[in-house]
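Below you will find one chain, with nothing else, as structure tokens; this is the form predicted on its own, and questions on how it binds or moves follow later.
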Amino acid sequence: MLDVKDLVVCFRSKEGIHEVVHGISFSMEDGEILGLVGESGSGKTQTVLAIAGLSPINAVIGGTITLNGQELSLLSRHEMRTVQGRDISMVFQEPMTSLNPTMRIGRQVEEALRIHTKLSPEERKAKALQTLADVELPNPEAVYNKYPHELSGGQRQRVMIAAAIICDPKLLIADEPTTALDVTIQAQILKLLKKLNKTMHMSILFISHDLGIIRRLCDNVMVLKSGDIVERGSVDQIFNNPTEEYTKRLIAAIPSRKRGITTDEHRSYYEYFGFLEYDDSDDELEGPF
């Protein structure tokens, strides 16, 4: 479904060209959830911005990006707009900065329909209301007519997901979409993404620095360090038998109850998402914590 080969992304400054992604290659299958992990500055966001066609002009200086047989790296900015929102959509970390504060929710959710379809205003509204319901927002009609500031952070993130999936994209890119949310709302958003993956057979490229989330959400994992892929494999393989020292250090950094930093709020979050199983015999918690 997605094939990335020898991708090179750079920043340009007065001092010259600085590569931030060094010729990485990977692929995704239909319906796959691929986790992209690494510390800050590892190149995660620059990789997905390049795939989504949102990198600055001349930032991508090498490699190819192919989606369902169409080589995106050959498309002009104008041609890429026919793909964005229809075949590839993206959900960002902070929905309040992604939504227009002066525009009602309904119009923003419908934007991709206005660009990519010839639906009438009535048909667009009906589709928007259905999609708001699909992302489990209560009372979609009321939400449709509200402004972003009238919604909670979790509701705004659901709105962003609704806007991203309204055209049934083949690939949804989620760039740390739960970081700005409290842990209980994080769990709800992750369950929603898992449901959309199953019901819509939509591939998801999920970016996070939280390996606990990656472990439970994703099928496969790719670990980035300083712009290079240092390890990749299935979730079971990476978490149970990592080969690279960097990956081992990332896994070792996952919070554990034994280290005394699991709070009641954390337990509530992981119980909600079905991560934890209690064993009263030794009072141990099994799972990413």
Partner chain sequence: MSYAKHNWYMIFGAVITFVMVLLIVVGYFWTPYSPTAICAAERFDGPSFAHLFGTDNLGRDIFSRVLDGAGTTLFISVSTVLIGLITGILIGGLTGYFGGWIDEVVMRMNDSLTAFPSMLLALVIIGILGPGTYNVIIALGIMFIPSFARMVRSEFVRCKNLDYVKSARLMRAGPLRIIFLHILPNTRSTLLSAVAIGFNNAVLAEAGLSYLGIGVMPPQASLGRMLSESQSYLFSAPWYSISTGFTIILLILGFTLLGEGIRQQAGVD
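Numbering follows the first chain given and starts at 1. Note that the rigid core is defined as the largest set of C-alphas that superpose within 1.5 Å between two forms. Note that this is a predicted model, so its numbers are computed, not measured.
In what follows, reference is made to the form predicted in complex with its partner chain, a form of this protein that is not presented.
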item: 4.5 Å heavy atom contact, P242 to its partner chain in the predicted bound form; value: no
item: Distance check, G85 to its partner chain in the predicted bound form, heavy atom within 4.5 Å; value: yes
item: L54 within 4.5 Å of its partner chain in the predicted bound form, heavy atoms; value: yes
item: Q188: touches its partner chain in the predicted bound form, heavy atom cutoff 4.5 angstroms; value: no
item: Proximity to its partner chain in the predicted bound form (heavy atom, within 4.5 Å), stretch among 115-123, 211-219, 177-185, 192-200; value: 115-123
item: Residue (of S152, Q130, N139, N100) lying close to its partner chain in the predicted bound form, criterion heavy atoms within 4.5 Å; value: N100
item: Threshold 2 Å Cα movement between this form and the one not shown for L75, core superposed; value: yes
